[in-house]
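In the block that follows, a single chain appears as structure tokens, in the form predicted on its own.
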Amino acid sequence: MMDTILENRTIDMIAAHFKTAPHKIGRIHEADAEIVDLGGGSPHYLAVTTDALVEEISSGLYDDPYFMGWMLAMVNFSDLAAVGADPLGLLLSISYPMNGDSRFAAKLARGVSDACNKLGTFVLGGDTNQGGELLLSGCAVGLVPKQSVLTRKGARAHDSLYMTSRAGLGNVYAFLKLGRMRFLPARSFYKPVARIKEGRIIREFASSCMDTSDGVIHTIDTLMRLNRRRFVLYGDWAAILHPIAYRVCRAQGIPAWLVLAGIHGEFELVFTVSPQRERPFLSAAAETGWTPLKIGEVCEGQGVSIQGNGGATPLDTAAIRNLSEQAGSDPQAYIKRLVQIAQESGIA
């Protein structure tokens, strides 16, 4: 099922040239971060991930250096949160134009630093180079207890589908920024934080987990394909969407669920919990003052559906996910086609 998605085909083609590391836990696509057995009787696995800001900068989605730094850190640490890891720190790779502004670099560094401070972790080091354009990449590392490591696999029928909090702000930000809408200041409401603290609770109870950095629908589709189950998303958008996202949708006439379908998400975690573990999970979350959001359920069968008053409507999540590959670097064409898919689906 994974090769239905164009991005996965590219990943698989590249990965086919590499030997499988004997100390790596799990296979390709199965976790947000790579899990490595340290050996020597260690009670922990090493969790390591890398991510870069490329399209976000080239498209103009991110144009403030402080915000670039913040997002560079958070996008990497979010992958650690999704496997339940405690972060050790971040490595940076920064390539900047030869005539680069030192003030720009200072703001970028402050953004990274503030993000690390927010999560109680550190920049461990990195590398700088000069080149023709700005390139930003990071590598986050952490440790996760062997007995409670999270992956994207393990969901079963009758599991409940949860999210750490309401979603939609990431794609609303992108729609407003790239769609040149002026309903709200584009960045004033969007400053996501990796869910490291929540990940420590989730790792003790969840059967599968993935972050929403590429959008909620993308996340649910991946979980569906890896677990070969049917995922049903509740259609109560006022409860699932962040209030600002819901308000923007209503003001702009955007189908509410569309802000879950774009590829610029936030860093919430979507995860599944079995019926047997649901009550103790909710109790443990309540002790920290956190209220997880139940957004759906896992059922027998395969596919992704949205539950409405008239029943569950199947959603062509492959078409939604492949759209980003087909639209290329034209954000306007991507947004236009995404709206068309939403209209064709018949889901309000």
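These numbers were taken from a predicted model, which means no experiment stands behind them. Throughout, we count residues from 1 along the sequence that is shown.
This next part talks about the form predicted together with a further copy of the same chain, which is not shown.
- Judged against a further copy of the same chain in the model of the complex with a 4.5 angstroms heavy atom cut-off, the residues Ser102, Gln130 and Leu143 are in contact without exception.
- Of the heavy atoms in Gln147, none are within 4.5 Å of a further copy of the same chain in the model of the complex.
- Taking the partner from elsewhere, Arg110 is found to have a heavy atom lying within 4.5 Å of a further copy of the same chain in the model of the complex.
- At a distance threshold of 4.5 angstroms between non-hydrogen atoms, Val216 is out of contact with a further copy of the same chain in the model of the complex.
- Although the partner is absent here, Gln252 is not a contact residue: none of its heavy atoms lies within 4.5 angstroms of a further copy of the same chain in the model of the complex.
- Partner contact region in the model of the complex: 45-53, out of 290-298, 276-284, 45-53, 305-313, criterion any non-hydrogen atom within 4.5 Å of a further copy of the same chain.
- Val123 is the sole member of Leu178, Val123, Ile244, Val193 with a non-hydrogen atom within 4.5 Å of a further copy of the same chain in the model of the complex.
- Residues from 6-27 that approach a further copy of the same chain in the model of the complex with a non-hydrogen atom closer than or equal to 4.5 Å are Thr10, Ile11, Met13, Ile14, His17, Phe18, Lys19, Thr20, Ala21, Pro22, His23, Lys24, in the order they occur in the chain.
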